[in-house]
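First, one chain by itself in structure tokens, the form predicted alone.
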């Protein structure tokens, strides 16, 4: 996203990236959900961020002449009378009217879904097919000769007072957008990352709900292929690697059993590490001792919606001198 907004301002960029099918972006469900948590809280900056993200992905669809961004219907399962009351209270709040579609309790077939207290529909949700979008964008960078498919080697980076160079290529600045790998970046060791491992399952559920995302203890999200559903995701703060685990599988199956009654078959099990941070706000800015070494990271679980908005924000800071939002500026840790 950052490379895109810089290129739109006629800046020459080079993206250095070795493709990783297990990156958080490739493994993610791609869902943007404006209402989250047990207390049904509106996502930070939802009113500005979500429409902006949609406009950018629509722009990409037009550019690539392909569809990969769609509105989705999310049905949040209510698990108690208290949850019903909390939801009803939100429905009466003016700031939530755009996201709570109606005040009607929705009921699923009890032979398929456990929903004793029903559910409600969330408006304004969407899904990006991340693997498809990223593949198309990589091809665009290749066509522009703006992609170096390589594992980055810090030993080859030379940082001078007014420029940087890497393997014989010079630039005014370098920006690190490494996701979870940023914890190994020598220029930004002072940033308080709090990485979270996430695991998901791809399952086959015959004769289920192909047009709705069901949100209970897990997401049950229909995929493009008939009868396939994405089940996710876990949040694990202590982990040894980025591989699917028996512990994660058991947690997913346990949570799934609280929602799903229909028979299913496991097709695939995936895992990835999210670049989450302690204060749940992105990391944007420059190394205090090397002002031509920047970072754009820390999007956590909401990268699909945060990245377009803040890439544009950062580009405006770089090229037009606009101030960075204090909540995302890494100066908050200096």
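Residue numbers count along the first chain shown, from 1. Quick caveat: nothing in here was measured; it's all calculated off a predicted structure.
This protein has a second form, the form predicted together with a small molecule, left out of what is shown; the following refers to that one.
- A residue is said to contact a partner when one of its heavy atoms sits within 4.5 Å of a partner heavy atom; residue 303 meets this definition for the small molecule in the predicted bound form.
- Using a 4.5 angstroms threshold between heavy atoms, residue 18 counts as touching the small molecule in the predicted bound form.
- In the predicted bound form, at least one heavy atom of residue 233 sits within 4.5 Å of a heavy atom of the small molecule.
- In the predicted bound form, at least one heavy atom of residue 178 sits within 4.5 Å of the small molecule.
- Proximity to the small molecule in the predicted bound form, taken as a non-hydrogen atom within 4.5 angstroms, holds for one residue of 285, 308, 30, 34, which is 30.
- Only one of 198, 124, 216, 222 lies close to the small molecule in the predicted bound form, with a heavy atom inside 4.5 Å, and it is 198.
- Judged against the small molecule in the predicted bound form with a 4.5 angstroms heavy atom cut-off, the residues 23, 152 and 299 are in contact without exception.
- With the small molecule omitted here, the record of contacts in the predicted bound form names 291-299 of 35-43, 277-285, 65-73, 291-299, defined by a heavy atom within 4.5 Å.
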